[in-house]
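The chain that follows stands alone, in the form predicted on its own, written as structure tokens.
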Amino acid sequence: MAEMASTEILLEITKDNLETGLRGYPVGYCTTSSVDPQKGLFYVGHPVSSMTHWDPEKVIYLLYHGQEGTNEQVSAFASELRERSPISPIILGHIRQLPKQTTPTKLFCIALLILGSLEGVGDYREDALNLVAKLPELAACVINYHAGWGNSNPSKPELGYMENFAHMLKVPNADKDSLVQIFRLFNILHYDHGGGNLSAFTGKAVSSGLEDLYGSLTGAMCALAGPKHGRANQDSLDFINSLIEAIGEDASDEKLTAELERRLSENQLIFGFGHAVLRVEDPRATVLYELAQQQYANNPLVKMALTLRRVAPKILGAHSKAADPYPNVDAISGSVLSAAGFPYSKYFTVLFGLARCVGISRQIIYERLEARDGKGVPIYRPKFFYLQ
């Protein structure tokens, strides 16, 4: 390895510490959420599994204000979001002229830039609240346009945050009540996930150069677009479909065990299991498994996902393929979305981004306006050693 310039660094850093993606290295604070290896995801000290029946506006209030709001406070906040929610028809028209050949997530990224270019005010806090309010209509416009479903139904923010999103989407032959239920739940479960996941870290790094909120979130969403991050539930759903095709939807535990053993012997991946931090089943997955068992137990995708839940951890544990052999949220989220009437996996990452922009925008506010007694976090500049 190249010679290190600082004796102090030499004492603390070894070659094994480098080129590891900064995994596990503490670099700052996150005020919105945390992930406990044994207990899962928390929003401002509240386990996310305890707020699955909250209104999205109540959860967003918690993330933005750092404490649970009273009914009156949440009601006033929801009213403020409704007032901020309209998007200019000119912006929606620009989005509908973009090339459909690109991926939906890249289309969502471009839409964010267009929105920020024409409606951004250059204040992180104001822009964040405006964007959070406008996200449902922005995402609905992107999905409807890319899918060829036409213009979105007229926005009705008085319906509720995710209720309006489901209303604006023109999903063919969909049961709106089922869509509302799964969109609300998926949205709440994906608002935030600590400060070090790739999309959050990227968004904050971009904003550290004083890029505005919209540009910073666009960077975050580009990070989310990769197959190792935001496309994970799409890959997991493809994996489940491949299992159904190979061994049938009603395969026994023994038959699935044999199929997974075969795939592992061929160095194929088992999708939907393992996590960078967790060492138990992801509590978000547990919530979705419960919904799946209650309402969609006869759906072929759900049946296979539930069988995988029983079988895969034992096999992965025996093979030592993962430090955490248990299901993560992606193991079941795509199956439940499909069973509930949204089987369009190419748009799952847009749904993820619709949610995650909420938490990342609040993290950006902290790093730009509140950290270090209001001075903000300096521009990101980690050290790299020259290697010959």
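Residue positions are given as counts along the sequence shown, with the first one as 1. Nothing here was measured: the structure is a model prediction, and the numbers come from that model.
Separately, the form predicted in complex with ligand MLT exists; it is not shown, and the next lines address it.
Among residues of the shown chain, residue 263 is not one whose heavy atoms approach ligand MLT to within 4.5 Å in the predicted complex. With a 4.5 Å cutoff on heavy atoms, residue 348 does not count as touching ligand MLT in the predicted complex; it lies far away. Ligand MLT in the predicted complex is approached by residue 229, whose closest heavy atom lies within 4.5 angstroms of it. Using a 4.5 angstroms limit between non-hydrogen atoms, residue 218 is distant from ligand MLT in the predicted complex.
For the candidate set 197, 144, 164, 307, a heavy atom within 4.5 Å of ligand MLT in the predicted complex is found for exactly one residue, namely 197. Listed residues 303, 134, 204, 193 were compared with ligand MLT in the predicted complex; 193 is the one with a heavy atom within 4.5 Å. Between 352 to 360, 25 to 33, 51 to 59, 336 to 344, the stretch whose residues reach within 4.5 angstroms of ligand MLT in the predicted complex through a non-hydrogen atom is 352 to 360. Contacts between 361 to 379 and ligand MLT, taken as any heavy atom within 4.5 Å in the predicted complex, involve no residue at all.
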